[in-house]
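The chain below stands alone and is given as structure tokens, in the form predicted alone.
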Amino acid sequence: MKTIVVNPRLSIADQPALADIAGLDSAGTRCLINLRPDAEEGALGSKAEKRAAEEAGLNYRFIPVSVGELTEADVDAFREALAQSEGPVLAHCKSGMRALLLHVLVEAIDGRMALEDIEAFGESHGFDLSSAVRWLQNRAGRRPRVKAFFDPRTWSVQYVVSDPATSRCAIIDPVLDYDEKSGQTSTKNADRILAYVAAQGLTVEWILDTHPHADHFSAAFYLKQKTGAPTAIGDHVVEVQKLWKGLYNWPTLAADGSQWDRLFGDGETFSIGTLPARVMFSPGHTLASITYVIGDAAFIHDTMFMPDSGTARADFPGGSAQALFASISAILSLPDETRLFTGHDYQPGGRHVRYESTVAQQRTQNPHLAGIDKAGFVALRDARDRTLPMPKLILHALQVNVRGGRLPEPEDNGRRYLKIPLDTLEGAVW
């Protein structure tokens, strides 16, 4: 193993052998970061490295990256791994180049390294880092700017989408925290978003939901109260309201979408500052799902996950695998370079959180889509969905989310109560 000391906190290396990993603790290393995808030629594999690291008393982080598909999530994960380590870190890939590249990206984004100094810094360590310069230049030109907030309790990704020209922004799919064991609610996720908005000097212009979520409460109403910004969702939400009004035996529920300030129809346009935005009706996961196409980005909610994770289920009440395939096909007709931001990430293989892909990547790398026609997709989706249990919060969340994130009204004792119908989702996997 060839090791290069970058600074007292970080060293980089090529692929270590298991014996090398076993000796890292005695050398003072406290954390091993593996940047190699498991399928990469010559990689030991994350499971083997993690086991060796743990046996050596090291913390271990798996951040598989490739230079050509590097995203903000990868840089954030590297920064977080360094910040959380209790001592020196060894980051490795095939040669050490990706480790050094991620280091300079963190340093440049955080203002500790100038763009014009990157290539010379790379040369001084024996690497060509021109790709880091290009990545940063491309990042500076992207519209919109996108900041993601991951909620590990529900695997949800929330977004602040902003226009650099006007500092106007939209918040997409915010989470209201809820613990089903204690019945406690919290605004921790939403307040984290508000803190970022304040720190960046942004003005919230929209609070947007892509659909009524089945796995977390929406914080849309709370954020509306805090910011005064209008809330919006797709106009087919009224069909979801009517469906769940019957399932909950809820005669007083207004099933007209009046809980939101605006209901978007398919093809409708709006703006975030100077950024054009368009709505695509994207049913299949739910009756009301929509995609927001904003500048060069599309927020695709639960149609597709990251390419290594496939596509969303279509077996909720009102769901349809046929409709989901049509919705995905429409999204994949966008330009190849369109950035796609998903609504969940389940971190397959224990990798870091990722949420951004492109149309081209999804079309060629997603195992549920590459080389699969409609009939094949429907058969795959139906077979997989029959094995999946319902989300643990579906009956809790829908009665909040069909009301735009409003909790039930307090009863005469001042407490709020959820209503859980029994034997409603018949045939669901336990």
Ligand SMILES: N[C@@H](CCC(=O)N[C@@H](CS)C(=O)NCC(=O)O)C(=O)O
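Remember, it's a predicted structure, so these values are computed and weren't measured experimentally. When you see a residue number, it is the position in the sequence shown, counting from 1.
From this point on, the text means the form predicted together with the named molecule, which you will not see here.
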Given that the named molecule is left out here, which of F299, F316, F281, F325 has a heavy atom within 4.5 Å of it in the predicted complex?
F316
Listed residue that, although the named molecule is not shown, lies within 4.5 Å of it in the predicted complex (heavy atoms), from G376, P391, P37, P367
P391
Since only the chain is shown here, I'm wondering whether D163 would be in contact with the named molecule in the predicted complex (any heavy atom pair within 4.5 Å).
no
I'd like to know whether I207 contacts the named molecule in the predicted complex, with contact meaning heavy atoms within 4.5 angstroms.
no
Is it the case that A312, even though its partner is missing from this view, gets within 4.5 Å of the named molecule in the predicted complex, heavy atoms only?
yes
4.5 Å heavy atom contact, F305 and the named molecule in the predicted complex
yes
To test your reading of this chain, name the stretch in 92-100, 341-349, 141-149, 68-76 whose heavy atoms come within 4.5 Å of the named molecule in the predicted complex.
341-349
Taking the named molecule as it sits in the predicted complex, which residues of 264-300 have a non-hydrogen atom within 4.5 Å of it? Please list them.
H285
